[in-house]
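Before any questions on how it binds or moves, here is one chain, the form predicted on its own, in structure tokens.
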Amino acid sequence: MSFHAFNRAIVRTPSRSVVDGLRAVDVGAPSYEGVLREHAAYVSALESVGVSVETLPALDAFPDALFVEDTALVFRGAAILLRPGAPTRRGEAAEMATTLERNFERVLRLEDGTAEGGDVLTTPRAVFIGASARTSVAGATALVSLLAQIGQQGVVVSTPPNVLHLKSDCSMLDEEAILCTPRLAAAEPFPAFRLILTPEGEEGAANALRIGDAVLLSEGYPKTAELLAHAGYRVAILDTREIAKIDAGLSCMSLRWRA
């Protein structure tokens, strides 16, 4: 069975406070209506490739709470509750706990350091954890130990300087290939994988999302879309212009697994 044959996902409805979400570069606040529209289209795209989506209610107290991937790691039968590195997001993990306990037989909790799911790339061979401004070395090291408890091998790597998350610069395309920016590839963090590099000026395309036979890709990266299509991937384009204003990518809006 394909590594990307997910059939379950958890998402969270954006709150009105989303316009105050964190951003590394301020290009203006997103439109709440625009974020809602883009989020709904994202959910529809997941459902169109056979994923059953559980939508959690909005959390007005946490503007970034729609980015559920940063709160947890999920695997078949097990989940790990994380500790976001941004202080304003710490409470999001606690809000996710009950949902994880309802969906997974085993739920572990990260107690040391900080780690966000955006810094974790799960592959068929290992779970790569990027040390970053949001994921501390202590958190990454503790996460390796938790992963071992559920039969997963964790490997700590470095996120490039001034890059928010490891997965801002990479995503799995299939069992053998990773879409990756040249700056991340230069560090050779993924031995034995085939790297497909994002074209110059389209580094933001690296956070794609493979589900089933489709690669979801944000709009605005035509060279990357053409590159992937020529490589044999079926590309589905999603508009994320408003969501991108608050440091979002495609992977961060859902927790995905095969039940």
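Residue positions are given as counts along the sequence shown, with the first one as 1. Quick caveat, the model's predicted, so the values are computed rather than measured.
Not pictured, yet referred to below: the form predicted in complex with a small molecule.
- Across the options 228-236, 61-69, 186-194, 214-222, residues that bring heavy atoms within 4.5 Å of the small molecule in the predicted complex belong to 61-69.
- Not displayed here, the small molecule is kept clear of M96 by more than 4.5 Å at the level of heavy atoms in the predicted complex.
- In the predicted complex, the small molecule sits within 4.5 Å of a heavy atom belonging to L164.
- At the 4.5 Å threshold, heavy atoms of R83 stay clear of the small molecule in the predicted complex, well away from it.
- The shortest heavy atom separation between G130 and the small molecule in the predicted complex exceeds 4.5 Å.
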